[in-house]
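For reference, the chain that follows is the form predicted on its own, supplied as structure tokens.
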């Protein structure tokens, strides 16, 4: 996988906070609902992050099931292992999405949320997902298209500059536009495509856009010609707009699901 972000301890804690806002909690609940996981099943989480989804998956499959997960960040793995420490049927490894450390046909389902957009070789990553699934096994993926963002601003040129620089934090900022054909080429029948919008009419700590804007500000400073003053002013504008009742943010997340043929 490739990434312009250092997923260290500080980043892991920031993501943990952001992923526990009510809007992201609702997104994760919908993802879990669509997965339809059952007790006793074997599931692999590709890119466990802070382990919030992994914990829920482990509780759903129960002691008769199996939860495996990988990540390329030791900080993320530590957090996930702590979160799932009481789940004896769960195990997590440092590994790459393009080289999964599991035998063929090991799982009933593979899931990945906000991870494949960081992967440079999606054909190999999906081939690996297909390999470790048994025939008829399912894959479910959630990723973002950053072209879908709508963010209130009185400085559109600055907004465009900031978001262009932010695109560099991952390999493909628009993966959902090609994910369907990629899945089909990897031997999956795609049976679900669904959009989940995140909508924030206010700029407050319990909203996704509050946390992600801090991450964006930190990442873009010094990139793409963005100065520290520009990045700071960009985020401070949201507070000003919110005070006036003029703040708005929306971003689309896309779920794709397929069955291994």
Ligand SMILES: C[S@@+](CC[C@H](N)C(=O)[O-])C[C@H]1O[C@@H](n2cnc3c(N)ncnc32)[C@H](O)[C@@H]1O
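Positions refer to the first chain, counted from 1. All of these numbers come straight from a predicted model, not from anything done at the bench.
Below: the form predicted together with this ligand, not depicted.
Contact with this ligand in the predicted complex, judged as any non-hydrogen atom within 4.5 angstroms, is confined among 131-139, 150-158, 175-183, 71-79 to 71-79. 95 is the sole member of 95, 190, 127, 87 with a non-hydrogen atom within 4.5 Å of this ligand in the predicted complex. Scanning 115, 165, 122, 109 against this ligand in the predicted complex with a 4.5 Å heavy atom cut-off leaves one residue, 115.
Shown alone here, residue 251 lies farther than 4.5 Å from this ligand in the predicted complex, counting heavy atoms only. This ligand is not drawn, but in the predicted complex it has a heavy atom within 4.5 Å of residue 50. Among residues of the shown chain, residue 238 is not one whose heavy atoms approach this ligand to within 4.5 Å in the predicted complex. In the predicted complex, this ligand sits within 4.5 Å of a heavy atom of residue 19.
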